[in-house]
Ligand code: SAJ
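Single chain ahead, written as structure tokens, the form predicted alone.
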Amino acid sequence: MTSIPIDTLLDRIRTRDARIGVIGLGYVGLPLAVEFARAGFTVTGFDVDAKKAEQINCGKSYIPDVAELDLAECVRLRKLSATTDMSELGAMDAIDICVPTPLRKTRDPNLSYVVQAVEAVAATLKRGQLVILESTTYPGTTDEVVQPMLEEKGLRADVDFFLAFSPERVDPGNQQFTTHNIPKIVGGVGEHSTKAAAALYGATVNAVVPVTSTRVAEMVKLLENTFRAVNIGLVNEIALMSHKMGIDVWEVIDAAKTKPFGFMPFYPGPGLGGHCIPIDPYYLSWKARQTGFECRFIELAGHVNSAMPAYVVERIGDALNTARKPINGSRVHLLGVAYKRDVSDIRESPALDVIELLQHRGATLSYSDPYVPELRHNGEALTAIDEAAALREQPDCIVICTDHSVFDYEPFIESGVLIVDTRNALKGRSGKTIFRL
């Protein structure tokens, strides 16, 4: 009797008759919804933002990694639609939760978006449904938080319905690795749940990697991003050290990466940005503290990385000092405010911290970013200007915070304006007006 729900669900997945719901239509959810639709499933996207739902239903993509042509085709074929009506979740065979998991100011996990999404799922949960959490979180969230909420009305996980965790691995702006060709980690609360989730993703992406539990799957994501955060912290500290020693850290890294084994290049920068790398290590260290374990290594890397914006401002001060100018009253123009190259995402962007620190020290600020036309931060509103307009304003200093591929640095170099390059965008260029980390 207990095998009926799993057999029915697997058959509906195999025949593409399963209806898929995706909660959260951002950088993770929308690409995933489009991949499900392109694989032949009928997909409904759920979001509290009515504007997102409206844009999707009109075939308009607001995520750079989702080609508008692909999205519009899915909508035209009636394979993809979007709504704000959570009551429609009851009609879904499988539901993917892809909502944000930010940190509180105390650096504790904020699961409010996950809880709201699970409450909506629980309200219409039916026998045979598959629920998958993709939102990055600490080990134990799926079985300690999500499972009890879904079982409140008497249905049992892995028997009456199926529950799994599959960490998102989206890298915004990466054209080589996308939702379709990045292997999908899957861990269920039981054997049936793992099998159901693996079958769903197996019908959609190139490779699925099952693991033995939701906790293992949750830990995989945190390991991946903590690995990056710690190594970036290391190379940022090496950059600070190299500057004190008069050594070009970028040349050091280029030489070190010629070693064919035992070394992986990471690069210094103005700080960590995006939703994952600055956040995920704190999820891990928070959970570890609950068990009495102190993550000193992770916390130290976080301290180094969070101090980088202040170091960038220090370098801006060094640059202006060569022209006998203080930061106070100087015109400082930032090139790029997104957290990484060729994306529009400003979440946790170190440029925001640089802006705040410069404002506090009295600088007059402007910025260019083709992906971020307007910026609001701490009550201040800024509007982007193009690079030509920036030069006409005769800034005292240019700061390359994000090395978007569309930027043309040559006019700035030729103008003789002071340039602080935090990304090695001017690799191979040198002179009295160019300052690096």
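Nothing here was measured: the structure is a model prediction, and the numbers come from that model. Heads up: residue numbers just count along the shown sequence, starting at 1.
Only in words, not in the display: the form predicted in complex with this ligand, which the text now covers.
Taking the partner from elsewhere, every residue among N225, Y267 and K340 has a non-hydrogen atom within 4.5 angstroms of this ligand in the model of the complex. Residues with any non-hydrogen atom within 4.5 angstroms of this ligand in the model of the complex fall in just one of 225-233, 184-192, 294-302, 147-155: 225-233. The closest non-hydrogen atom of E237 lies beyond 4.5 Å of this ligand in the model of the complex. Remark: H333 does not count among the residues lining this ligand in the model of the complex, judged by a heavy atom distance of 4.5 Å or less. Among heavy atoms of V312, none comes within 4.5 Å of this ligand in the model of the complex. Residue contact check for D353: none of its heavy atoms lie within 4.5 Å of this ligand in the model of the complex.
Of the candidates D171, E73, D143, E88, D171 is the one whose heavy atoms come within 4.5 Å of this ligand in the model of the complex; the others do not. Proximity to this ligand in the model of the complex, defined as a heavy atom within 4.5 Å, holds among L272, A196, I316, L133 only for L272. In the model of the complex, not one residue of 281-299 has a heavy atom within 4.5 Å of this ligand.
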